[in-house]
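To begin, one chain is listed below as structure tokens, in the form predicted alone.
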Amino acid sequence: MEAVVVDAGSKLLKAGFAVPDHPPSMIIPTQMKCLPADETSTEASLHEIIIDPVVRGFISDWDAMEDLLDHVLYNGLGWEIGNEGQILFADPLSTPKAAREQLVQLMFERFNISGFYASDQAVLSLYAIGRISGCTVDIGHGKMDIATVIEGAVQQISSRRFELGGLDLTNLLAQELGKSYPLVNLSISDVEKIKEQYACCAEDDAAYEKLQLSCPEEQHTLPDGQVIKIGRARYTVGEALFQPSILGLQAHGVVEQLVHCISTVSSENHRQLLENTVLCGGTASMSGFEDRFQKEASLCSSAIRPCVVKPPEYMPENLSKFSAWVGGAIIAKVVFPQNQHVTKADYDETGPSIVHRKCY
């Protein structure tokens, strides 16, 4: 049985058996709905509780995560109790050591797995395009990680995590639409769908300024039949990644942040980092984002000018949305057959701390 690879994001969980040139077989919402057990189904639907097992990239509710993994492994992927296999997890940048230990403990003691491995999302996203060194700009639902990787190892000192992601852009769009349509009741899920359908990046900041004065509008029909027009707001969402001041943040844009990260690495490594920049995460797949990123990178005043690498043609479409999972499927084909993973015997002998010695 192939090893299972899991990449649990703030919005979506990607899981499946390790088949590198295929997308994950399961892509499901991470968010869960809990219905009170002592009420009828009609009453329960009115009082359902929303639970987010993963917040800003990190597991925040371990009980909920256990339930989610139970569903994924046994119901979704067909594991049988007593015959569990091996599993590999993709970890976000700056995952606390305690969280890594808690995860390996959960998997061995609750799920009785036969083998465990975990690796940084940045390293795995580079593996997905055939690189072991480079930079990743991973913009997910709850966070943005900018990581420098040299010879398969994340350079923690020069890598940065920002609590800025698709969720913040959704909230920004909700605010912008609220100004134009104060009497229309828009749910966050409605706004999320509008963002995914219409949000885009202007060609550059000058083009963005022009669009603020005159912008073509798109008509959108809401679930209740009301029709609204989407205009300048769709570009404001994308611009916030390059001008975080739109979100009220005192921070540089994404390209400047990347240049700063690379500049803190020894100059002898600059070239291999610059020539192997990977954009990943659902938010990075926004229309026009890659072109805008590349244009701003080419205009950098410093000698450091990142260059975005395209994935190989044989890789699945929309690879950027699940590149860490694909990289995990690739490395799973190496670490488990070569016995580089944490075995049940390793865990029983050393305990959860073994994860720091055998992974990362």
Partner chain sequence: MSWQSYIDDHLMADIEGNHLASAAIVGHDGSVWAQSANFPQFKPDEITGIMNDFENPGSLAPTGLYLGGTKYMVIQGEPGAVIRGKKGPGGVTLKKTNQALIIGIYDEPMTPGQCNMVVEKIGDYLVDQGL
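Positions refer to the first chain, counted from 1. A quick note: this is a predicted structure, and the numbers were derived from the prediction, not measured.
What comes next is about the form predicted in complex with its partner chain, which does not appear here.
The candidate stretches are 67-75, 246-254, 285-293, 147-155, and the one lying within 4.5 Å of its partner chain in the predicted complex by heavy atoms is 147-155.
Taking Ser189, Gln226, Ser180, Ser266 one by one, only a single residue has any non-hydrogen atom within 4.5 Å of its partner chain in the predicted complex, and it is Ser266.
Proximity of Glu349 to its partner chain in the predicted complex falls within the 4.5 Å heavy atom cutoff. Taking non-hydrogen atoms only, Lys210 never approaches its partner chain to within 4.5 angstroms in the predicted complex.
At a distance threshold of 4.5 angstroms between non-hydrogen atoms, Lys97 is in contact with its partner chain in the predicted complex. Its partner chain is not shown here, and in the predicted complex it never comes within 4.5 Å of any heavy atom of Ser25.
Contacts between stretch 344-360 and its partner chain, counted in the predicted complex as any heavy atom lying within 4.5 Å, involve Asp346, Glu349, Ile354, His356, Arg357, Lys358, Tyr360, listed in sequence order.
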